[in-house]
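Given as structure tokens, the chain that follows is alone and in the form predicted alone.
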Amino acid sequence: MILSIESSCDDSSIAVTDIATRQLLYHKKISQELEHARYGGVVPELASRLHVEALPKILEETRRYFAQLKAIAVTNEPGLSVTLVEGVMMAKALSIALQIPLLGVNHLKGHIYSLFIEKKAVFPLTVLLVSGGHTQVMEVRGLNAMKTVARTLDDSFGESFDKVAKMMHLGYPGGPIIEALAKNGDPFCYNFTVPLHQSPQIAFSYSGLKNAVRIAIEEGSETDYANIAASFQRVATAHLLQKLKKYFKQHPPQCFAIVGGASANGYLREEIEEILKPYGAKLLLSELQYCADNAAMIGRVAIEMYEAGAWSSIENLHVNAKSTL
């Protein structure tokens, strides 16, 4: 078995996965959403302190598996440095105490493998990763064959939802709040400009849209929030769709996946499904419980790394907060 640890942001999570069968034997996640909600976003130092409290409590529940563990896997990149280090220090301590090897996991790879928890991985894939920190399109052929073909120039898709919710003083995380609010609004009430709609560049940008929404919020009132949320969600998603359609003209998809925390957005899932129909492409989606950061997806990547012998040493396993794919 492999014990995996995830602490890249505000979710403390540990999982135990059977190597041969890929079965998830144990998985627990403690979210910090309530603690950060009062600030409208994640406070890194607070997140770090909460990991110190939560991770040992979860680990205690996994003691019965210790004798059967073959490796310790941990997210070491990318993420918040002060929270990543909590998981990495725990992983190193366990590696020394149990005398088993370490696996340092890139949590963006984890999001891709969240599609295959308790399943066999299927490649090649074209992947849209949308989260609070990332918006990018990747061509994925395997564990070490992942090429990013488009990324955001500034803010991410998920971050823009969080910021809009914060501007409306609605709490954190903003994704589900804005999605729920949008269901009661008119998506065409506000004619926000679709970012980069005249640019031939296949890239993403949300800073301009976020500013336009800020102005609408300042000029309106709370009675306008549902319409603003619906219009924002429509345009934020339309931006993704426009760039994907442009990319598909040159690279028709056969199998397409959406991963990351923001991939839980139902409106986005429905719109992506529509643009894939002309290509007859299959759409892969993670189970909703595995969309956000979690140790189950880290454990699933770790199986592939274990079988490939992609070990990390105690001395060379470092936190890399700004790592990408």
Ligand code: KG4
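Computed from a prediction, not measured in an experiment: that's the story for all the values here. Start at 1 and count along the sequence shown; that's the residue number.
In what follows, reference is made to the form predicted together with this ligand, a form of this protein that is not presented.
- Look at 140 to 148, 106 to 114, 215 to 223, 193 to 201: in the predicted bound form, residues with non-hydrogen atoms within 4.5 angstroms of this ligand sit in 106 to 114.
- Within this chain, C291 lines the site of this ligand in the predicted bound form, having a heavy atom no more than 4.5 Å away.
- Residue contact with this ligand in the predicted bound form: A264 places a heavy atom within 4.5 Å of it.
- Residue contact with this ligand in the predicted bound form: E179 places a heavy atom within 4.5 Å of it.
- The shortest heavy atom separation between S131 and this ligand in the predicted bound form is within 4.5 Å.
- Residues are counted as partner-facing when one of their heavy atoms sits within 4.5 Å of this ligand in the predicted bound form; in 161 to 177 these are F161, D162, P173, G174, G175, P176, in sequence order.
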